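Coming up is one lone chain in structure tokens, specifically the form predicted alone.
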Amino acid sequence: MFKYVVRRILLAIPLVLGISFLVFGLMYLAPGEPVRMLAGREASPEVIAAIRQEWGFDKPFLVQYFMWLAKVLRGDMGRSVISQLPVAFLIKSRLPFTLKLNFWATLLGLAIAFPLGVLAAAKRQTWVDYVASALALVGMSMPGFWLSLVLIIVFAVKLSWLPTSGTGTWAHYVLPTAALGFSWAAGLMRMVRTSLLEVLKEDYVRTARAKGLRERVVLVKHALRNAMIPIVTGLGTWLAYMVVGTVIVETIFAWPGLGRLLTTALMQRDFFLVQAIILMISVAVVAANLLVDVLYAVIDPRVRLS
């Protein structure tokens, strides 16, 4: 097991390096130049040249990339062009809000997806299955920004039950958590239902039923674990989706997390801050997929043996 995990981590390192190169290259090719923002519009060519030399923008692309990568590996992500504060400090101040929102959204998604998915598979072609499938279809069809606006209009504007934006109390978590978690739960629920229906057709499930075991024991102990491989695959995909969806939800609800910080940095053309946040999000997605690979080995020992 240990060798399998180490091998997966070693395979992830080149992927992360490739992502870092792509992120830096995209920002390098983006229109505009950070030097102009640092120097100001009225700066003379001499001042611009001095700032370009100070920040290393006068060097070739590959030299700039390796200089930036070396600083990132040391924990130095540069300074914000707009606020002149360290990028690491800005990310550190916003990261807890994003982690809390994703944590509650994940719990909500799991609490909806697994019970409804198992129930829909157990009650196939009944009204329970039809209602659960309809909810999943609606959840997958609604864009995150549209669901967020609907929740704000209904529960904040019309009913005045919940705040529209900001943080501070548990009430501020309800709407953004619901907007982020429901869309994620819809896709995962369909994955649970489909995978479980495939497993319920297997011979060992019929044998377990023939032994007189309770249907709940058959579903949970015999069927669900064997159905978890494709479910875990979907779980990793939807976790990556939720990282991206956080940007939209945080912007709409004015949530002071990394997603909103990224949106603001893009509008203000804060290159160093954008680079750092996109790199962090990309690494988080790679880490989620690495976690999925490890869960494969935990669920099915044949994976690590092969």
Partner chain sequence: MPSFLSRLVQHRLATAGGIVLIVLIAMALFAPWLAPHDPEAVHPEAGLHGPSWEYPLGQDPLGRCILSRMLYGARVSLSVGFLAGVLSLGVGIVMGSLAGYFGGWVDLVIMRLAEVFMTVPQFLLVIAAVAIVGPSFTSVLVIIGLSSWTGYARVLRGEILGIKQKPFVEAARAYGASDLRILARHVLPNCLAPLIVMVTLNVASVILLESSLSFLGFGIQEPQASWGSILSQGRAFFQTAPHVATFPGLAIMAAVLAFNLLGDGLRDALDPKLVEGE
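The structure presented is a predicted model; accordingly, all values stated were derived computationally and were not measured. Positions refer to the first chain, counted from 1.
Just so it is clear, the following notes concern the form predicted together with its partner chain, a form of the same protein that is not shown.
This chain is displayed alone, yet in the model of the complex one of Val174, Leu197, Leu119, Ile91 has a heavy atom within 4.5 Å of its partner chain; that residue is Leu197. For the options Leu159, Leu73, Val138, Leu107, the residue carrying a heavy atom within 4.5 angstroms of its partner chain in the model of the complex is Val138.
Its partner chain is not shown here, but in the model of the complex it comes within 4.5 Å of a heavy atom of Arg269.
In the model of the complex, Met67 stays away from its partner chain, with no heavy atom inside 4.5 Å. At a distance threshold of 4.5 angstroms between non-hydrogen atoms, Phe145 is in contact with its partner chain in the model of the complex.
The shortest heavy atom separation between Leu295 and its partner chain in the model of the complex exceeds 4.5 Å. Relative to its partner chain in the model of the complex, residues Gly18, Arg124 and Val286 are all within 4.5 Å by at least one heavy atom.
Residues placing heavy atoms within 4.5 Å of its partner chain in the model of the complex fall in a single listed stretch, namely 188-196, out of 108-116, 166-174, 83-91, 188-196.
Shown without its partner, the chain has no residue in segment 95-123 with a non-hydrogen atom within 4.5 angstroms of its partner chain in the model of the complex.
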